[in-house]
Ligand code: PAF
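There is one chain below, alone, in structure tokens, taken in the form predicted on its own.
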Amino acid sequence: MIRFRNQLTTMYLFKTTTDLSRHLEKVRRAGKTIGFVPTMGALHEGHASLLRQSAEETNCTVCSIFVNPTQFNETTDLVKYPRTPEKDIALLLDTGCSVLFMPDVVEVYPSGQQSSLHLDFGYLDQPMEGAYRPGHFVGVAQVVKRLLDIVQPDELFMGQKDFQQFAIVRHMLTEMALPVNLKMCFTVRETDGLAMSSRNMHLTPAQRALGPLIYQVLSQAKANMHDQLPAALKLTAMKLLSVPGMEPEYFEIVDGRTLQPITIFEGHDMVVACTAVRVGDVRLIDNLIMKMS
């Protein structure tokens, strides 16, 4: 255990599941609630918003930083994923985070321990990110389940920006009857609308200037939803995003519960526009809730 402190916060760093579990058991015995924010590090204000919400709503906020190898389709992506532990620790102290868990791979996936999931996601893992990153969500569900087993939180906080990931985890919690309350936190954006992401640091200045177009197109689709059908909105969006330096992979308007593409807005209590766009070598994803009741 290592202790960090500033004027507002004392935060404990654990690297082993044994030490973390021992500490959190004391927290539970004291009658305190535990909030959990799983991350892969390279933290930014988007992560900070999740942590601050957890700190407001629970007594003890746990953040994990673990670059999970099972959710990367390409080894090169795993190797080049940004790692900024000193910067991350400074940000965590300013959010009211109580505990940082930074395990090695062998702590999360011990030798000889079965950690794979055999869970039917139905259609949820097939479209959008599932089509472009086969196997990705199996890895996501695997690591989230494993981290939940370790932390055993009362509340799990996840961002809206990775909406399909949120839907997958929501399905897993329901199917496995896991005793944790999942909360979706709204996407945090730069002043020009670009969704905050660890990937943004890889954008060149020229590419960064293109980024806000993604949110502009999402917003335009929402503004026009009362006048046009989803198919027309999708077609327009793909054209608007197809500018020099940008290559849209998909723009889908889906039911927020099933992720099935919709043909009309009526009859759906939650509708989400989701997109993925390549800007140079950087792949950016974003979404906007068009309707929720």
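In this text, all values refer to a predicted model and were calculated from it rather than measured experimentally. Numbering starts at 1 and follows the sequence shown.
Note that the form predicted in complex with the ligand isn't included here; everything after this is about it.
Candidate stretches 199-207, 135-143, 87-95, 184-192, one within 4.5 Å of the ligand in the predicted bound form by heavy atom: Every other range fails; the passing one is 135-143.
Heavy atom within 4.5 Å of the ligand in the predicted bound form - the one residue of Q152, Q160, Q71, Q220 that qualifies: When the ligand is considered in the predicted bound form, the option within 4.5 Å is Q71.
T33, T236, T39, Q53 - the one with a heavy atom within 4.5 Å of the ligand in the predicted bound form: Contact with the ligand in the predicted bound form is made by T39 alone.
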